[in-house]
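Structure 1 and structure 2 below are two forms of the same protein chain, each written out on its own as structure tokens.
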Structure 1
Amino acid sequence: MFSIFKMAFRNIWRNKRRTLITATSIMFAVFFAVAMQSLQKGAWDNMVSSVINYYFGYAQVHKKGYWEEQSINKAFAVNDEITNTKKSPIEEYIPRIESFALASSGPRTKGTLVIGVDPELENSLTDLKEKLIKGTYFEASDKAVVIAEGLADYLKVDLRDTLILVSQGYRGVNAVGKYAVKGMVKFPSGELNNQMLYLPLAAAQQFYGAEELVTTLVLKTDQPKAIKQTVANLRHELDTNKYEIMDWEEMIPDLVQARELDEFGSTIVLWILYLIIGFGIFGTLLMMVKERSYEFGVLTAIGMPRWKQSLIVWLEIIFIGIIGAIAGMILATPLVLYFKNNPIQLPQEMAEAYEKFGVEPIIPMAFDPKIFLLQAFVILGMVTLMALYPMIKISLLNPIKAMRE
């Protein structure tokens, strides 16, 4: 066995130039693939985490059917059945009561999304306080609103002005209220900026005529990666005839689809890249077998089993593949780490488009060992597959013919 490794290893250096060219081409392929995938994953992770941290959270609990209808009539009480499920990795249930209302000030009226929130808990999830541009943040006992800047502009209201809210409350009651503007927030997303109106939870429940009720519990977790499992467990614990538990992928399927489409596109690019590299490796293999057929003839004649000869060639090509793959990974690591810590800043126009959707206008690279490992496996698999060619050649080799050249 030892002599097989020895022979393979020495054969690699028989044609140094060819070995180096082959390994270098693999190195660049791996480098490019790792960089591209890290960038893509980084961009999407950033996008997803922005969307999640902005509003949705990783998962939400509603009364069954709420997501479909978005109706205040699907409000529910947070009873023991629910609070009992609050254990690791669920850190907190953040309550909201959400519905639509007409807001008016003087002659101007506009449809708004009026959300009742627990000021501290909401802030721990979405950093609402950080977005204040004017006034102060409300407290749980306040009967005042925090208004989005675009909406305030439209209604021409400022701090301490009064807003009148009109809506249909819980089970059809009339909801009417008068609230002073205590703070003003600015959202990068135009959509949010033009329609968000926050009330403290108690005030909102009173407004909607839904004392002690909520429409949404946002699940705060310390293990976002395990969210699928957490949701699955929760579905087990809670009565799914009464409640629906949705993770972020179920709430924003468009984003998930867009990501899949994008990743599919880059997978094709990678396949093409690997195909090109594959041809290069195959060329090396062809030459290796061709120029050594006399030698394989001698080896077969003096009694070396064909599988051992094949093993030598496989070891050689796998070794070149491993050298190239490792070199590519080593080359990619500092780049990925650099752009993970110093994300690419998007240029102005693109940045605005990103901000519209509430996404930070940066593209960090993700440093994910899985991306690195995947390349190693692709190279290994590809090289092994290609090593079939010399194996077949060797298994069919006729020693007399091979030695007659």
Structure 2
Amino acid sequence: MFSIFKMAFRNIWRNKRRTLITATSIMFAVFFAVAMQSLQKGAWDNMVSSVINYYFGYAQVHKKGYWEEQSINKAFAVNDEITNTKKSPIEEYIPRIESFALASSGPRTKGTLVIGVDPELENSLTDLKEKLIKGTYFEASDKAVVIAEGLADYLKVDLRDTLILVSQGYRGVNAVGKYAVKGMVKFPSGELNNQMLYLPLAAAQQFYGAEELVTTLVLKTDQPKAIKQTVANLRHELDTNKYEIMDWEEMIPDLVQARELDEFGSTIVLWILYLIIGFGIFGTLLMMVKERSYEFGVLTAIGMPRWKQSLIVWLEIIFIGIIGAIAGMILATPLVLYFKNNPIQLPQEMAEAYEKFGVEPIIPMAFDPKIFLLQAFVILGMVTLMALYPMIKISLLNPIKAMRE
């Protein structure tokens, strides 16, 4: 058996030009496929990470039915049943109380989204403190607001001005309060920038008459790739008749659908690339069979079994495929690593569109070994399939006719 491997490896270098042409075709196929997939995955990973770390988190716990109604009346108390589930990979449950209110300053009034947060825990998830452009970040005991820049501009308020909030609180109680503006934040998303208002959690609970209650627990995890299993475990441990546990894909289905659509389009382009490269490789195989028909005829005439000839030819093609695939992965590695560490900066027009959705306007490449191996195996699979042609030709070969030609 070793002699067959040795013979096959030697044979591929008998015609160096043909071998190099075939291997180069495979190399560029793997290179372009890896580059395309890495770029796409990097762009979407950056977008998903931006959206998730921007506000939603990887998963949230609510009272049953809250996500559909978004009502303050669906607030709940954080009890031992929930806190006992805080174990790896769950780092922390970040509490929020979320509802709407009318914000007023002088003659100006506007509807706002009021978010009551634990200042330190919220900052650990969304870096809210880093978004400050004026003033200072609030403390847990403060009775002050951090307001989004666009909302502040509309209401004509600045630091230390008083803002009046009016709403309907928990179970219909009147919610009225006035708070000093302590800080101002800026969001890339125009929608958020025009309506976001943050209160310390205790102040928000008092305002809505929902002491010790929250509407949302955001799950902070150090293993985002295991979020599906984490959510499944939580659903097993918590009473799903009382609570709903949702991962980010369930909360932002539009983003998931957009990604799936983009990946489908990319798959079509990849298969077109595979088809083009496949025809090129198949052409070299046709040449090889034609050039070596005399050789196959002689080997058959002197008694070498056809299965052995077919095995040698198959191994030759596999060796060429392996050489091309490895070369393609080596060629793609520095490119992917470079753009992973030095993401592509989007032009101004595209950057503005990205920033509207709170996404950093860059496109990094993802260095994922699975991408490299998958593309290499797909190309190798194509080459292996095409190797059936010379094997069939050998099995049907007429040695006398082959030697005459």
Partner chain sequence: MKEIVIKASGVHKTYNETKVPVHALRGVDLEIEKGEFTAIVGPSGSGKSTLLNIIGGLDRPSEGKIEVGGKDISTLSDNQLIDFRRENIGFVFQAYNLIPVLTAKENVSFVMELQNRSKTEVDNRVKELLDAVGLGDRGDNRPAELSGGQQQRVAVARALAPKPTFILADEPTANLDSTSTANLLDIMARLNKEENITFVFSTHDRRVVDRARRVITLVDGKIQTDEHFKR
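Everything quoted here is computed from the prediction, not taken from an experiment. Definition used throughout: the rigid core is the maximal C-alpha set that superposes within 1.5 Å between two forms. Just so we're on the same page, residue numbers count up from 1 along structure 1's sequence.
**Q** Look at both copies of the chain and name the one that is the form predicted alone.
**A** Structure 2.
**Q** Superposing on the rigid core, I want to see if residue 294 changes position between structure 1 and structure 2 - specifically a Cα shift of 2 Å or more.
**A** Indeed, residue 294 is displaced by 2 Å or more.
**Q** Note yes or no: does the Cα of residue 23 move by 2 Å or more between structure 1 and structure 2 after the core is superposed?
**A** No, the C-alpha moves less than 2 Å.
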